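Starting off, we have a lone chain in the form predicted alone, written out as structure tokens.
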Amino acid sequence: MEQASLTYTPVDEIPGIVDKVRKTFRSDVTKSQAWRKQQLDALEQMLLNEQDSFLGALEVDVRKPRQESYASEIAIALEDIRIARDNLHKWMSPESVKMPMLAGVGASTKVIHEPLGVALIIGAWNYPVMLTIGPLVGAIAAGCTAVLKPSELTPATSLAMEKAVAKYLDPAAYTVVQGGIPETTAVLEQRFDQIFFTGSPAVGKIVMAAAAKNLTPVVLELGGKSPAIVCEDAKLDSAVRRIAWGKFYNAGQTCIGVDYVLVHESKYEEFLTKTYETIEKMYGADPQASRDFPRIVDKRNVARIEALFANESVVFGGEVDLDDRYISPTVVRNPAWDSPIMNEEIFGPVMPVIPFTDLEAELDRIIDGEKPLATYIFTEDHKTADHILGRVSSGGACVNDTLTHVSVGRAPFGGVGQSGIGRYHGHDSYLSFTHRRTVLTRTTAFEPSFLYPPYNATKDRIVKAIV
């Protein structure tokens, strides 16, 4: 199945595109609750009516199975939309603030919410629908206009996105720019009021540097080496199944995917054996023939992933078909900590499994590295889980599960340190595109003269009495 071709946006048209959505924002049309709800309704209808187009495009781009595509792309985005629409009135309402006595003499304060303005949303290829629509929900709810830049590596899905956005949303407020590095560079040269980027830490640094030229705020959803830790008391059958699912889902191309697994030495060999059995149950004896195992996004990434395990002890899998963009579910035994596979984010279906005896030493090792986007802990002892959570900082975490925390639409999702800046989903999506503005109003019915010079002992006593 050949990938689709994509017409890139001419670079010289990009400034005009940004000017158009800025003009719309300045018209104030986006600021009413009714307009925002209408656009959220339209976005919901877009996903419902065009889901077959999106699911088919994902199948063309990466052979993603439809059930997996619906669950991870459409369903999560629909939940984001519905949460925002149902709570928009509450979110937009001014916040009342309790006043300190000194400042509160004849005054009241509220916090009002202003849209930041024109947003740039740069989506990612691994979940090209959800990682573009999710941030867009926040932008619409906040009253921002937006330029969307989907990934050129998933051309069929990006084309479906362009057509759907133009059909359902206000084209003067929301538009799609297509292209690769030159077009993305040209977009980043424009002035925005918020930039929301999902991708690798390396590209995130480029985006942040471009944003810094205009002091533009950013939300960066990045990645990192997210560990799964299988403690001595873990229920192994459950741990193996959930870790295998969390590793090989979308062929390992998941920002919160399990990157490597630490297994207590008492369960190590059994963990490996059960992992082999589980992979076969999920994808059959020949995963390449399975309709449920996706492909790597492009040949460059196939070569990159293959190089990571070329010199490792592969105990299961390891098959590569460059023309088919296929790498089999692969298990690597106990790689060295200074090896490439343990120092680069794998972002593919290759799972290093490392035995440990001293949990604290392994936690120290994790802490010494960059903070991961997720940590997955498998134990039946809540004290052990709390101890690990207390020591290891990460964007999010699951205890006795993997990946599913991203589906909790009312909870914040985001990274920390190298794995990201900012957060979204639910109310946090709205806040990511909103300026919370403090407004104090003081009565003119009387004048608190003790606040003003010249100061004297009487005024001093009054101030001390009320503070």
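Here the structure is a predicted model, which is why all the values come from computation and not from measurement. Residue numbers run from 1 along the displayed sequence.
Not pictured, yet referred to below: the form predicted together with ligand NAD.
For the candidate spot formed by V230, Y268 and P352, no residue has a non-hydrogen atom within 4.5 angstroms of ligand NAD in the predicted complex. Contact annotation: E345 falls within 4.5 Å of ligand NAD in the predicted complex, judged by heavy atom distances. For the chain shown alone, P294 is not a contact residue for ligand NAD in the predicted complex, no non-hydrogen atom being within 4.5 angstroms. In the predicted complex, I181 approaches ligand NAD with a heavy atom inside 4.5 Å. Ligand NAD is not shown here, but in the predicted complex it comes within 4.5 Å of a heavy atom of G199.
Think of it this way: in the predicted complex, ligand NAD has a heavy atom of just one of V315, L236, I206, M99 within 4.5 Å, and the residue is I206. Of the candidates L88, V165, V219, L188, L188 is the one whose heavy atoms come within 4.5 Å of ligand NAD in the predicted complex; the others do not.
Comparing 148 to 156, 167 to 175, 70 to 78, 271 to 279 against ligand NAD in the predicted complex, the single stretch with non-hydrogen atoms within 4.5 angstroms of it is 148 to 156. Contact annotation for 353 to 374: a single residue, L373, has a non-hydrogen atom within 4.5 angstroms of ligand NAD in the predicted complex.
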